[in-house]
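Two separate entries follow, structure 1 and structure 2, each one form of the same protein chain as structure tokens.
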Structure 1
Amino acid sequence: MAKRTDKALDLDRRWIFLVIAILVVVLYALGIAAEMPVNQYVQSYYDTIEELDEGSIVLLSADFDPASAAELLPMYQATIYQLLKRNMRVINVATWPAAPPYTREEFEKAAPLYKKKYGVDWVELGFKPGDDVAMGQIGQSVTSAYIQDDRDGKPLADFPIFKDVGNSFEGISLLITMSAGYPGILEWIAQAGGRYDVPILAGTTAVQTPDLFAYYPTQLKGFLGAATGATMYLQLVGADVPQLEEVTITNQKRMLIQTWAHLLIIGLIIYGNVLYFVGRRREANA
């Protein structure tokens, strides 16, 4: 008995990796999609955009890179579709250097579907280095923070969308950030929400999500937490956007895998604790 407990405690962690890999691959191969109930944070995110007047200007900040695209890209895609479908005008910025290739690709795909014109309905300003300072600059004046747009290299004065934008977030009705870490939502809350009183929405990675509950609903009107938040939001937006059907089903499939993978971790934690207490009791008795 003692030997068996010691052997179990000395289990090579690679066996756990193997079990997780087999579980994920098998469940992926089965391809079962699971619909999720929508929580209040996601519903608030969706409703805040729905409640905006048509033609409102939204500052959309892409603060992520390929390492977090698995969680943030689906919610970023869905946000673009909801904004354009609701006829919002979008100013697209990024504080992470690897974000612009994603943002451009997604807008180039979605904008023609809703007959949106570049410079009138959306504009791509690209990456701005400087973290918090860059956010402060953008908040103070978008037209001063950027000299030209990122796609065509034209001065911002050439784009009609900037005629309605002033200093200190004047003319901008909402700030949305897809945040993977630093700089991200917490810095936007400090630099924009704390100074200019602009409503903020966020999509975040799982690691950052626990930090956000304290800011809801006073400083953060709604947020999409991790892959679960992305799936819930996709269900809301994707219901009448055929282009999002595939990504919605893919995310629903992923959530079923998540469920079973988490159950495995819970099982392993219980197993490890049982072995630990058995070992401790044995030592006490010896």
Structure 2
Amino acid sequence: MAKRTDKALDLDRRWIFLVIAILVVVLYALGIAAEMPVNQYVQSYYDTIEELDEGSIVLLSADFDPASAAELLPMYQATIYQLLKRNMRVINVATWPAAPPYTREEFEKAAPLYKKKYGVDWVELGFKPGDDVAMGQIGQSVTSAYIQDDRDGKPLADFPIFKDVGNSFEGISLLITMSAGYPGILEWIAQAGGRYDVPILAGTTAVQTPDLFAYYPTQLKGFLGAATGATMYLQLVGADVPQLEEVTITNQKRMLIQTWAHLLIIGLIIYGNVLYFVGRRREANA
């Protein structure tokens, strides 16, 4: 027993990496997709949008870049489809400079499916520099923070959607942010939720998700936490949207692989601790 314990403790860690790699590759090759149970935070995110009156105006803020797109882009895509399908009017902004190319492409793909007209049903305002200061300016007055739209360069007064938008979030029923860090959800809560009492939803990366539980459900009506939350949300929205089927299945596959990889790591941690305590007891009895 002692020799076997020593042998296990001296195991080259590269074997562990190899086992994990084999597990991931095999599961990926099998292509197994499993549906995930939806938690209350994701369900609240979905329900908050569903409960809005048709024609409500939503401010959608893209606060991410390519480094976090693997987690945030799928939930951003699904959010756009749910909003447009529910006949919401969307004002799209960004506080991260790399976000607008993503936002415009996704709207250009989704809007024609629901016969949405630019400037009437949705508008692209683009990147606003200034981090949380920019958020404060947008909260005070969207039409003052932006002089023109980002797609056509036209004055905001030319777009019918802004006829129903006033200062201090007047006319805006909901704020949604896809947040990768600073500036993001925490700054929006301070600059908008706290000052203008506007309901807020968020999609966040895994690193930022633990910070959100303290704000739910008062300042934050619901949130999508990392790829797990994105997968749950895609299951809710994608059930009636064929265009989201592929990304939904892809996320389900990734979550299954991640689950098994985590289980293996947890098992190895438990096994390592057992060996450690067995070794200590043996030394004490020696």
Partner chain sequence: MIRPMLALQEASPIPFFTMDGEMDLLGGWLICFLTLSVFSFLYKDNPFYKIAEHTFVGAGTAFFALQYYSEGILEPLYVHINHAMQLPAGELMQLGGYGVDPTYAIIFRSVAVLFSIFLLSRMVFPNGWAPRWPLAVMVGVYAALKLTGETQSKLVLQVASAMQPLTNPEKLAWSDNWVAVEETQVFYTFANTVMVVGLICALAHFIFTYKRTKILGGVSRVGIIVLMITFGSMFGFTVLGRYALLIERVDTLGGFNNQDYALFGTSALSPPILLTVLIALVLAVSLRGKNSTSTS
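Take the two forms, superpose them, and find the largest set of C-alpha atoms that agree within 1.5 Å; that set is the rigid core. All residue numbers here follow the sequence of structure 1, with the first residue given the number 1. All of these numbers come straight from a predicted model, not from anything done at the bench.
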Item checked: Label of the structure corresponding to the form predicted on its own -> 2
Next item on the list: From G31, P210, P112, D240, grab the one where the chain hinges as the two rigid parts shift between the two structures.
Entry: G31
Check: Expressed in °, what is the rotation of the smaller rigid part against the larger between the two structures?
Finding: 16
Notebook entry, point to check: After superposing on the rigid core, how many Å does the CA of V26 move between the two structures?
Noted result: 2.7
